[in-house]
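Only one chain is shown below, in structure tokens, and it's the form predicted on its own.
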Amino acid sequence: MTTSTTTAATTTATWSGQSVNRTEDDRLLRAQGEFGDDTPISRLAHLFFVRSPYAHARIVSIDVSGAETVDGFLGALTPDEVDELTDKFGELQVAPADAEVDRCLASGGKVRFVGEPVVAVAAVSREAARDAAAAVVVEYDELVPLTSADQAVAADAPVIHEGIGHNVLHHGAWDFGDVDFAFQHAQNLIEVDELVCHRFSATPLECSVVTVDYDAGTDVFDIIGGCAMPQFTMLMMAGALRHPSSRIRIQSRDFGGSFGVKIGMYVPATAVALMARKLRRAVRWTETRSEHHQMGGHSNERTFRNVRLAVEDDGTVLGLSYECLDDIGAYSRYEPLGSVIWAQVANACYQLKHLRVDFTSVYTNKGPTHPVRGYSRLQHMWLVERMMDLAAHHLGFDPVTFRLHNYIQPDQYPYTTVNGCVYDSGDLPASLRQALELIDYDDARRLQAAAVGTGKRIGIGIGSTLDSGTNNFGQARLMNPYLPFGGNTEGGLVRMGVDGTVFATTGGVAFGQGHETTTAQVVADALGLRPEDIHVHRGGDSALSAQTGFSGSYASQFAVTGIGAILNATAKLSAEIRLVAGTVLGASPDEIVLEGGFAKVDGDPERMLPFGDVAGIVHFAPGSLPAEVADEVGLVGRAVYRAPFELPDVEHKTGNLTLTYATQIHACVLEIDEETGLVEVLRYAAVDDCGVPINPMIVQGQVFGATAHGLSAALFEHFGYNADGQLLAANFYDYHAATALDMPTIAYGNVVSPSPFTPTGAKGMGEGGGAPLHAVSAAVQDAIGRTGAILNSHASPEAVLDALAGAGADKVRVL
């Protein structure tokens, strides 16, 4: 992978803005990490789930007697027992969809997707638990499965959740500006019958692992495992278990990736907790890769219909409208929030004035969807990019020129979108030009011309996307006005130990993003220390006071909320250090500077205290301080960062839904084999703008990761189902996630547009996985020309061959 130069840096801090090596890597590379399956616990039992082989069926009977004969068997949980011991998980949706009953084992006497847990079995070893589960006999009565959104909304469709009475989870209409006026007066209309954003997932290196130790004496569940959103998980489990949330502790140490999907940990964790309480011993569940593929969390599978784009003769885009069906699978485990979150990026990267979206979320008999990198925004932006490209091709514009004309321009920031979101900063034209330089655009066009008639085709594509970061949770009220959410906060804790050592704890949860390093960098700058002097608590722990209700790592927010909270907490500790030192040294706190591990009187090098002495005075000799000082200081700074949000306008569905907008512009050159349909990426460039980077090396690593994920999704990954509802890619043999051997060299560049709304000018980032989908779709279209139309986000060889044969061309019209 290659890199290019960075534009102007804006920080003057000693450590922030520097590519400091990651503190956590030494431990992880020496295999000294502590992941979910590593924690040694005595008398540990293991849990295995008996899962449904059918997509839709009634449970006729369950016989666990066979399991009881297996050596090492300890116990089993059945749906009837779970129904008696638990309540359903909390729901985000309004009536009638809130009648959905979702428990940790199949509920209501039915199974609703292949792989749904039906019985939980525990034994003294993982192997014994698996064998005991295999001995459980479940008799089913098959029902008609629904494997597409179209089937689910048909008038005579079987009902998946009887309590609701139909298969529609949520319907919402969004109408901003005056779309009808735009369509009536535009000189051109581009109309497309249907586009499909396919179903894929994140594939973290570590599947989910949950260990629950129940202490009967204190009635406390101690839950250990990777959890991306611990406070939310704790509340979901507390409600389901009918157990006080104060007696549920969630810890994670090291944790091998999430990309959103581990927000859904509460479902299997509840079964493990029930088993631990039943057996009065610690229980662990370790997810297999096939289990993860079946229910670990799929991305939103979205079908767009009746898509219309209004464009003037000079290429100015006026308005867009579409209908969409979102296939959320069998349960609404975070949905229908996706029906709102796309609106964070309603404009995508463009000066769109009018927008109308008719959004319907439906149940099917597939694995449940979860937030996956670029949750819900990716699909909307793929559609917008696809329409921009189709419009450029069909109206005779160069796609580069067309984008530059319609991009939001640098002098328009802060830019208010059609629905009231405020894009903070950016320079999209500069990013695009840099991306084109990195792929040598002019040379790529010459390469394309030279390939004509050789059996190979060259295509060049652009992908533009936004990483909207730091959610305003009040947006959930746009789908359910009764939800008690509004704004966003994160907590941080920084303290000085008895010997002057500084400790920092964040509310964010690290699963590979380098939180330990970036936290140490900003604390070191604030206290005049070195990053290696700061001891950062790894992982997450709901029992520590660093956390708030929204704590966790998701939605590209740590650089803003997590670091913001740490800075606020460090400022409190700094004030206490300066108060103590000023008192001892006979100076005012304002005269004290912190530098090199000392509290010094500014301009007087003879008057200084080492941090160890400051700590010693406070911890061991408080009587030497005036009472008003001794009573004031504890050398603990605990603070919250509150993102400056107001509640959205529920009636008009407008308001600022997120705080920052990092941008990603990708460009690729690919080659298509006309005989096989195989695609090879020849050149690839990714240019990001995440505001002021705290650690440019970490930012670059996350850009590479997101790019690999997006390219893999565009070219390889697809969760297809057959007509019986069987997942056709339940393991890595059938589901190909890109490896290093599949990846092209990535040329990297960046632009720095400081956010005016955040403490350091940084924005969140790392979710730019959508850009490769756009870039690949556009490049394949460019290679094929107007013979066929790329209307699906998955560029499989079969799809490419179909397009070469003319598929989709009749579904695109210029009016």
Partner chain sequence: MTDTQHDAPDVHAITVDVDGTTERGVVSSRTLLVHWLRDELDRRGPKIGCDTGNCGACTIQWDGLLVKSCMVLAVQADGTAVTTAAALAHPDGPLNDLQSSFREHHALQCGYCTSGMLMTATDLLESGEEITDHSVRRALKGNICRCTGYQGIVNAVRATAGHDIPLPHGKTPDTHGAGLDGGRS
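All of these numbers come straight from a predicted model, not from anything done at the bench. Positions refer to the first chain, counted from 1.
Heads up, the form predicted together with the partner chain isn't pictured, but that's what we're talking about next.
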Of the options D131, D613, E591, E91, which one has a non-hydrogen atom that comes within 4.5 Å of the partner chain in the model of the complex?
D131
Considering K572, R126, H405, H535, which brings a non-hydrogen atom within 4.5 Å of the partner chain in the model of the complex?
R126
Tell me which stretch of 770-778, 57-65, 747-755, 786-794 has a heavy atom within 4.5 angstroms of the partner chain in the model of the complex.
747-755
Taking the partner chain as it sits in the model of the complex, is A444 in contact with it (heavy atom to heavy atom, 4.5 Å or less)?
no
Hey, in the model of the complex, is A723 touching the partner chain, heavy atoms inside 4.5 Å?
no
Heavy atom to heavy atom, is D25 within 4.5 Å of the partner chain in the model of the complex?
yes
According to a 4.5 angstroms non-hydrogen atom cut-off, is A202 in contact with the partner chain in the model of the complex?
yes
Using a 4.5 Å cut-off on heavy atoms, what residues in 52-85 are near the partner chain in the model of the complex?
T69, V70, D71
